[in-house]
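Quick setup: the structure tokens below cover two forms of a single protein chain, split into structure 1 and structure 2.
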Structure 1
Amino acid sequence: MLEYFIRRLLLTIPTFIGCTIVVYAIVSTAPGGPLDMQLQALKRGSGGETGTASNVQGQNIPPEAVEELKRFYNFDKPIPVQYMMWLGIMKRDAESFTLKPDEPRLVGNGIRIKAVAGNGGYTIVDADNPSQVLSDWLWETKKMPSGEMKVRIFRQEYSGILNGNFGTSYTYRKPVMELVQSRIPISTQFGIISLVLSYIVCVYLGIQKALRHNSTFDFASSTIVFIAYSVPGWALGAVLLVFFSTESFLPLFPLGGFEDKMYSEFSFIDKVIDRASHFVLPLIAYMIGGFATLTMLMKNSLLDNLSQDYIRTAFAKGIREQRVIWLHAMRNSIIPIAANMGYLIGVFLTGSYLIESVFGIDGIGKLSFEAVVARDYPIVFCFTVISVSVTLVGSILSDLILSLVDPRIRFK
């Protein structure tokens, strides 16, 4: 059993790598990436007229600058190399300077370094203490267009997602991890609350539907379930927003967002009320996603069990109906519902960029959606990593829950 889950966990590694390769390949080969955007911006900055990229390079922006930019984005390397750098299994340039020989330069850790020529190459030394050779710095010679020889000195390190470095966002100019960390609590709050509420509502409704199978209540609630099944959460959210947040109808709730602008100045009770009123509509939108599946799963699973022999036996023994249902049938009926949890956690944790866009919630979904539009690749990749990991872990979690609640199931 343990062996099975260890094997499952190990198998996620190739899947994870496969997924990231697909996304990385699609995104990296796309034209109009951050480099092109930067070049366009630079060209506009230098007052250029519209033209093709080649004439951009030729006229307005010196080729060294373009090269420097390419190196900054790692676009001077082949895509597989870029990918491995991003993953953190190949070294990438941490710092890079192009200098004249013997020209000192202050670098990241506060020391001044310079490149000294000697025996057919260069030695990188501490400028204030030339006897100290800095061996982690590398060099390469570069011929400038003016014919002058310069040295590019650089230091390399492993710095990828495996080292916890998701890079720096192009648009926010902040580490991606920092951005994501500030957004995750917002998305997960909605996710967890709606997950819990979904289970409470759906399990209860499912049981009632099963017990009153073929009644008017069953028929009426089935219609609601079908509607819930067919309507996407964000679309329902949009309708609710129009009905309950705009002046045209009933302005009961705020127009989206996560909390009031004045939130920090509110008293505790006002805070609770404010947060709750912001949560009502998005929560309904979130919950509708799993509503139909969960309810019908619960109903059918309970109906299935109620028609089993052991239930007939229990009734025949004279056990009270309530006891038969809640103690005997329910324990078996809850199994498929519990197993569904792993998948739903995946759905709820990563948030939905559609629902977050509708309600203007600054969660991780909205962040990554805006990143796609702005071609902010580090955030795009980070979201891919999160989303893929959550999906993979979710499916293992489902099996784990299944084996916990159902002792008959033994994975091999």
Structure 2
Amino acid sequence: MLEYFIRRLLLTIPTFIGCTIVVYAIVSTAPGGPLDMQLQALKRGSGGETGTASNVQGQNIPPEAVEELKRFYNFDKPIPVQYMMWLGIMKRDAESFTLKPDEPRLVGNGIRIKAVAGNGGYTIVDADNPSQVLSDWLWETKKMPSGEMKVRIFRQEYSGILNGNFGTSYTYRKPVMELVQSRIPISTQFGIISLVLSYIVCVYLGIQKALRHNSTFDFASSTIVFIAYSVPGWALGAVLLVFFSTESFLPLFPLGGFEDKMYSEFSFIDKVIDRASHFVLPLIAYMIGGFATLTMLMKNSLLDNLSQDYIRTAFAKGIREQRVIWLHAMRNSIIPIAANMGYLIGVFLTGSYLIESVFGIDGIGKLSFEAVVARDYPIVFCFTVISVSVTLVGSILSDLILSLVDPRIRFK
């Protein structure tokens, strides 16, 4: 079985690459990207990044400015090259400056460099110490529209997701990992709590429905569960906010958010109460979608096992009903529920952008939704990596849980 899981882990590598290639290609070729949005903002004379522009012809934007924007967004290279740079297996420009030959240029940290002409090319040296050659700087000549010749100097390095660098957000102007690390704990708290509560409630309800099959309780609970299943979590969240967070009905809970603005100044007990009050409505919205699936899966699994020969034999031997149900039938009935846990972990831990948007929760889901709208590609690609990775790990975890709870299963 160890060999099986090793093979599964190795298979996640081509699966991950395939998924990211598809997403990267679709997103990169979609119209209205960050380059078009920035060009439109420049045309309007504003610094924002809203609006779209698919054709830059006729705009009063210098061609060199357009080229520099393409270079900044890495759109001056083919998509396969962009993808390999994003992975970190091909070098990308770390710094880039345009200067006139033999004229010093400040490149930061008080360092000045210049491109010295000679031998049909240029040598990049320290302007304050010309004998010191800066071999890590490369160069290329650029002919400006005015006919003037300039030199672009640049440094390259391996900088991609394999190096832990997901880039800088176009919207927030911050490293993507810094943004994600501040948001993931919030979504994870909601995900773990809703996962635990969903299993506790649904398993118990499924057991009671199986033991009271075809009773009034069974029909009534099924009706409620399936009605709840048909309502999207975000829509239910909006209704809950109207009824329980505004003066329209009962203002029992905060109107969205994750915690009070004065949370840091609260005592420990007040912090617990404040956090709990902010969690109630979002958790209901998170949990409502999975109720029907888990509840009916638990009920049908238990009913199926109660009709098996080994259960009838146990009753025939005079074993108490409670012992037969909770010891014998439940051990096999819980197997499908346990095997599904790995997949649900992936769903809950990556957040729900619609629910987080409704409640104004600054989680990873809301961040990814805003990134898609704003064409903030570094965040979109980072969220893709997280989603694919969690899904792949969740599938392996499901197989592992299944092998642990069911000794009859042996993967080969």
Partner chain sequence: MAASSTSSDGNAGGKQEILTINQRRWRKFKTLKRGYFSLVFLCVLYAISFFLPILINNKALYVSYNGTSYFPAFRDLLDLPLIGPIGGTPFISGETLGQTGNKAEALYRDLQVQYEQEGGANTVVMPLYPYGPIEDISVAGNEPYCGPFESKNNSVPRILGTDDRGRDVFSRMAYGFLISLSFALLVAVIEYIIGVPIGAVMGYFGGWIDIIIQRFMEIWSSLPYLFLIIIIVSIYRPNFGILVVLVSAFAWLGVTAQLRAQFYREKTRDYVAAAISIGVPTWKILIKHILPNSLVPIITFFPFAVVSGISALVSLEFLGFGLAPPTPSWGEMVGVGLREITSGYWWLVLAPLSAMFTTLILIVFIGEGVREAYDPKTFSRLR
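Owing to the predicted nature of the structure, the values given are computational and were not obtained by experimental measurement. Sequence positions of structure 1, starting at 1, serve as the residue numbers. C-alpha atoms forming the largest set that superposes within 1.5 Å between two forms make up the rigid core.
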Task: Structure identified as the form predicted together with the partner chain - done: 1
Open item on the list: residue 136: after superposing the rigid core, is there a C-alpha shift of 2 Å or more between structure 1 and structure 2?
Closed with: yes
Open item on the list: Given a superposition on the rigid core, I'd like a yes or no on whether residue 155 shifts its C-alpha by 2 Å or more between structure 1 and structure 2.
Closed with: yes
Open item on the list: Tell me whether residue 105 is among the residues that move between structure 1 and structure 2 (Cα shift of 2 angstroms or more, core superposed).
Closed with: yes
- [ ] Provide the displacement, in Å, of the CA of residue 70 between structure 1 and structure 2, taking the core as the superposition reference.
- [x] 2.4
